[in-house]
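Given as structure tokens, the chain that follows is alone and in the form predicted alone.
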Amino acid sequence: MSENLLDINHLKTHFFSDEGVVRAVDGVSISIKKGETVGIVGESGCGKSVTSLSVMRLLKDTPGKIVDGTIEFDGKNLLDVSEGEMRAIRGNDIAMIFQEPMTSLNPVFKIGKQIQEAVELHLKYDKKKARQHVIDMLDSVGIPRANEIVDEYPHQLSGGMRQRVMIAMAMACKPKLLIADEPTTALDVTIQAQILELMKKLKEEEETAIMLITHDLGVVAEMCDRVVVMYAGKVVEEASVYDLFDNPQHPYTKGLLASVPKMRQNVKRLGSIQGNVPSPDDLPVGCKFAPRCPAAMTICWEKEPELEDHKQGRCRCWLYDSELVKEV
């Protein structure tokens, strides 16, 4: 049996429309061990969130469909289980913090009711114990007057407060895997630090694995053991957090790191990556990053490189093909 808690193998999630097929996730493989935090980074439109929704099997009411691959969780292929079994897994074994809390919370139910329902179902608490557990969770994520907020509706809270409610909801049943999609986006730096510490505590005490989807490389450096860099629906680099920051391999990863402002850095302008992520329904031939890459070679425009192992991880780039390097 695999030592990994989660094994995503060659996952392909495509969206079908009258205009054609959008290859949002195109052959992604990611593994996460028990108690490990893996960061998924990349610009908007790279397929990060669709990958997480595929794991949760939450694409049923969308044009999206998983067309290939497997998602092995705790020795079980999630693509083979029934919808009833999947409902039992969601919120209990796998929980998710969504990017948009207002669209994730039901506006007609009180905050406490929405969290308490999952606690009663999965932890088998009675109503009194479940309510107190919900209040304790709200308090733990920095919500003031938790015993009053528990009886309020989502529209009565600010965006940051709603985000904290989503985090409390995800952590309430102490899941084996926590998928966090931009969990601290709407929060000020003080509350962000508090939430990250709470996630660390959950990881240490319960050995919870975390898939952390974020644009914030500072959060990645603080939280993650390994980092997966995605671009145009594919993994382009994977390495330990130390190796990635110390010696990035892929030109796209180098561009992302160069765009991060640094303390005491005397520069007039931040680094940037020219151009935009290509539309998934109109991808270039060859390497998908070639139109934006300062190191692009002829072969980059003609043939896409494979994701190959190298000394510190995996990288999808012709620059590390030994035969090509000799020719150049």
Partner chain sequence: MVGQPEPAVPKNDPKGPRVDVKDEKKKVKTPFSEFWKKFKKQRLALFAGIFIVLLLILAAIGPYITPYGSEEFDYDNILVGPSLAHWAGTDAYGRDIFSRIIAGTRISLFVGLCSVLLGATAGTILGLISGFYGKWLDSLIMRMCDVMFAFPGILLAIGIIAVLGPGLGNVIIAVSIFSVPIFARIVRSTTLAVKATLFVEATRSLGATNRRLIWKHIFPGTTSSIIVYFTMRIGTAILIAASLSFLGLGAQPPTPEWGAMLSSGRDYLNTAPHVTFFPGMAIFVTVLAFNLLGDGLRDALDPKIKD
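Numbering follows the first chain given and starts at 1. This is a predicted model, so every value here is computed, not measured.
Form predicted in complex with its partner chain: not shown, discussed below.
Taking the partner from elsewhere, no residue among 6, 9 and 321 has a non-hydrogen atom within 4.5 angstroms of its partner chain in the model of the complex. Interface membership of residue 35, defined by any non-hydrogen atom within 4.5 Å of its partner chain in the model of the complex, is ruled out.
The closest heavy atom approach of residue 296 to its partner chain in the model of the complex falls within 4.5 Å. Proximity of residue 291 to its partner chain in the model of the complex falls within the 4.5 Å heavy atom cutoff.
With a 4.5 Å cutoff on heavy atoms, residue 68 does not count as touching its partner chain in the model of the complex; it lies far away. Using a 4.5 Å cut-off on any heavy atom, the residues of 7-21 that reach its partner chain in the model of the complex are, in sequence order, 18, 19.
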